[in-house]
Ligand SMILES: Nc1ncnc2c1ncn2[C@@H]1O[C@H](COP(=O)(O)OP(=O)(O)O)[C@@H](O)[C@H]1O
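In the block that follows, a single chain appears as structure tokens, in the form predicted on its own.
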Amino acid sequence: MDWVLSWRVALFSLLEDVPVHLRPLVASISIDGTSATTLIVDRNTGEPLCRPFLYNESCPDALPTVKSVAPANHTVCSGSSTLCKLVSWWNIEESNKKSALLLHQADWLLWLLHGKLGVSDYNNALKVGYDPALDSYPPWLHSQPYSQLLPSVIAPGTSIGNLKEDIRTQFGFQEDCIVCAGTTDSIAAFLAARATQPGKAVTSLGSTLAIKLLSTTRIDDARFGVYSHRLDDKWLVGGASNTGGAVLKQFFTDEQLQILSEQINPMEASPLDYYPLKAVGERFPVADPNLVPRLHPRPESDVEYLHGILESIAHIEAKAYNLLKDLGATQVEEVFTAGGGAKNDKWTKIRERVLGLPVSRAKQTEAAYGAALLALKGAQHDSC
């Protein structure tokens, strides 16, 4: 799969999909991308020097090196961190080190629009070691030979520059349309849900399960895959599990999920105990690259099987929120749901029972809406 080409094609097909009569009204553009999806590119041309490292890929070969330089239990001390991916590439690569530059998925896609190479945001840069409290890369990272590859970092939603003239002309966007720094998928989903008070949380039920809790306290602990993103003067504490919708898609079509879900009694606990994963390895609330999926025994009834999987994912979610509380984060009071799983009302009721909390579908469940809010923030600031 040529991921980079597919992302480029997707981006420009989306621009093409903007109705022609609306294009002159677009004032600002931002993008959210998967956290820790990493590209090593040529700093002169922007072209990738190797295939991208995807968000869920682990580089255990680099972990000892990273652990030897980073503080104990730091966010980067996980095989799937951006820094581990960078170090893994650095240790193997011979010839392109001097011309190389690290970008995240959102950074690279935004570069296609604004043309200024080497700009990231402090949400995407967290897993490469950027310290959002200091608002800089820490000294232990600056002193490494590969630090020359790190991009400059600005706040999400900050204007980077105007849309490139050739793109503006091709698509008919206005002359002063700006391009703003982006964010990660789960943070964009949190922004879309408009959860503004400490104790409010957003669970994104997409291909994976990601949770974000607004907290007054910052929590970082790589032992459990827990990390904190800065959100203005507060912290978004959470992590991402490898369980989620991708597991469901292995067994059921969208139509089957809908029909079978309708037959589930969400008030009745399933006796089945699974740990639904698509492949070996878990990131959060257990950081274990060797954790084996547990999806058996499978009952004859597909309804019972789906019920067991949905309930088991809810238990993983509950374990995650309890872990955050135990580590010192603000206690969760209410959960909003984003992503495709938000549409499943029976699953929502199961999760409400298992979590013991109010659970509802966010008014806006698409992460793209959160990216649009960042673009709006950038446009408003730029016009001041």
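Numbering starts at 1 and follows the sequence shown. Worth saying up front: this structure is predicted, and the values here are computed from it rather than measured.
If you look for the form predicted together with the ligand, you will not find it shown, but the lines that follow are about it.
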query = Place the ligand on this chain by superposition, using its pose in the model of the complex; is the pocket open, or blocked by 3 or more ligand atoms lying within 2.4 Å of backbone or C-beta atoms?
reply = open
task = State the residue from 254, 175, 268, 273 whose non-hydrogen atoms include one within 4.5 Å of the ligand in the model of the complex.
result = 254
ask   = Considering 336, 53, 347, 321, which brings a non-hydrogen atom within 4.5 Å of the ligand in the model of the complex?
value = 347
Partner contact for residue 249 in the model of the complex: the ligand, 4.5 angstroms, heavy atom = yes
is_contact(residue 353, the ligand) in the model of the complex, heavy atom dist at most 4.5 Å = no
ask   = Going by a heavy atom distance of 4.5 Å, is residue 79 a contact of the ligand in the model of the complex?
value = no
ask   = Is residue 340 close enough to the ligand in the model of the complex to count, meaning some heavy atom within 4.5 Å?
value = yes
query = Since the chain is shown here on its own, which stretch among 110 to 118, 205 to 213, 288 to 296, 92 to 100 would lie within 4.5 Å of the ligand in the model of the complex, judged by heavy atoms?
reply = 205 to 213
